[in-house]
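Presented below, as structure tokens, is a lone chain in the form predicted alone.
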């Protein structure tokens, strides 16, 4: 009996970061509803402290020996720890930007609650090894995200965006849950590793069918073509900090969940998922970049850019079983992607708050009106384009090398061509900021939260680009998975 109690205690420590954030979110629900005046800042401060504590509890797992918790339904391994740290970092940066964006408004107290719950869902998805928990955590990351998009309830574009987000999300998750039932039916187990062992004698056609259904759910969160259709409207309808959050945290969680599912439960000897994912990656990056060329709304441009970035990341997943460099490559790229994407949205949030517009002409002459935010946005866009010596350049090199080592040279060629195309629409935005005369004289909206979010992301973009081994060493640690 003492041993059982000890094991129960160990299991509780395994979900310490999740319990801190979930418990804090529940405590903040009534506080957010009643907070008035300067007390509206309390939920943001409490959420920030809670996220820092959660990161402190998560970090030691990077060097811990992989093990199971809660009867084999939850993994405690460096892979889980790395992706949870990325999710927590992305939530902190979004929290800082939202605190400035809604300073003094009722949303200032409400946003942290939804942020914390979405983070808990993403963190759980990175660790879940049980089919039931996968569905649960996908819903936990999705529903708070819907609420975040509709933070300004009177905003008609936000209402439309939320409705589309919800309908597409509900359909995708329902289809995915149906696909997971096939895996259970074929193996009689909900555990990913047991499923992987028992699928050896299963009918390959049914396994492929189940994989296709499951990919729809993950593809929705990852904005893979053709499951991307919600993203441009949602990015445009939501406030810029929320669009940044949706472009990073649910995507990171979904990629982590898909990686765990593929490597633990779906042997490629039964399903040729590397080839399928390589084709989807090529289509996704090409579609995202080509459509981005026509955009005049910066939010929609970044939405299609995010779709293209998902295609780049999918290259590494396609070769995850073929080369040991694939997992470190995609892990590094997530760190770079978090920094450069959230920096872009943090600056866009300032422009949006001051001018009420996200059109391209809103940043015209920004280099003269607001030199520091303009420099941060230019830095983020250059990194997204893969210009050295920024983090995006090193990340793209790692992804291309992984694709080549995994035998998909043709995919690396397509990716390189796409990176060249993408450089054009990023350069157009930079040209508007620095080579066009400003039509407006307003400066961007000030705010300490904006400044901190932008500076942290810009610093990460520069430091991880100049010294990529800093993030790559963490990425290599985070590649150790419970199998």
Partner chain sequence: MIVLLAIPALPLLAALAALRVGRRMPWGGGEFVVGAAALSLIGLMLVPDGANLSATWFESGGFRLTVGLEFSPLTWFVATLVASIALGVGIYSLGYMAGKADRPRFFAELGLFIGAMLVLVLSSSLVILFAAWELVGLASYLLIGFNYAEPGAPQAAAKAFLMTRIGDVGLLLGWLLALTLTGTTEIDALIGALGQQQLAPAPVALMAFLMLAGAIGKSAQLPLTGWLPDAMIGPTPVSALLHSATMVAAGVFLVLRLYPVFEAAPGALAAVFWIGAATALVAGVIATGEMDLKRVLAWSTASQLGEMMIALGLGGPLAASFHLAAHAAFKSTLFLAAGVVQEEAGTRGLDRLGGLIRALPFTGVVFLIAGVALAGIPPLSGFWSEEAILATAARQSFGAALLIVALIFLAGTYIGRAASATFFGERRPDDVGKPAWPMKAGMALLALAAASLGWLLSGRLGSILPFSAEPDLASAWRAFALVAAILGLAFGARRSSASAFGVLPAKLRAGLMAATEWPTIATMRISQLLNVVEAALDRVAQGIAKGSSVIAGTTHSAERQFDAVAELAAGGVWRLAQNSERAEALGFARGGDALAIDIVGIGERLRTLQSGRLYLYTLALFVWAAAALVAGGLMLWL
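Note that the structure is predicted; figures quoted are calculated from it, not measured. Positions refer to the first chain, counted from 1.
The same protein also has a form predicted in complex with the partner chain, omitted here; what follows describes it.
Stretch-level contact check against the partner chain in the model of the complex with heavy atoms at 4.5 Å: of 237-245, 258-266, 122-130, 158-166, the positive one is 158-166. Taking 92, 109, 404, 186 one by one, only a single residue has any non-hydrogen atom within 4.5 Å of the partner chain in the model of the complex, and it is 404. Of the candidates 42, 49, 417, 455, 417 is the one whose heavy atoms come within 4.5 Å of the partner chain in the model of the complex; the others do not. At a distance of at most 4.5 angstroms from the partner chain in the model of the complex, all three residues 33, 228 and 233 contribute at least one non-hydrogen atom. Contact annotation: residue 368 falls within 4.5 Å of the partner chain in the model of the complex, judged by heavy atom distances. Looking at residue 358, you'd find every heavy atom of it more than 4.5 angstroms from the partner chain in the model of the complex. Contact between residue 460 and the partner chain in the model of the complex is not found at the 4.5 Å heavy atom cutoff. Using a 4.5 Å cutoff between non-hydrogen atoms, residue 476 counts as a contact of the partner chain in the model of the complex. Residues 290, 291, 293, 294, 295, 304 of 288-311 are found to place at least one heavy atom within 4.5 Å of the partner chain in the model of the complex.
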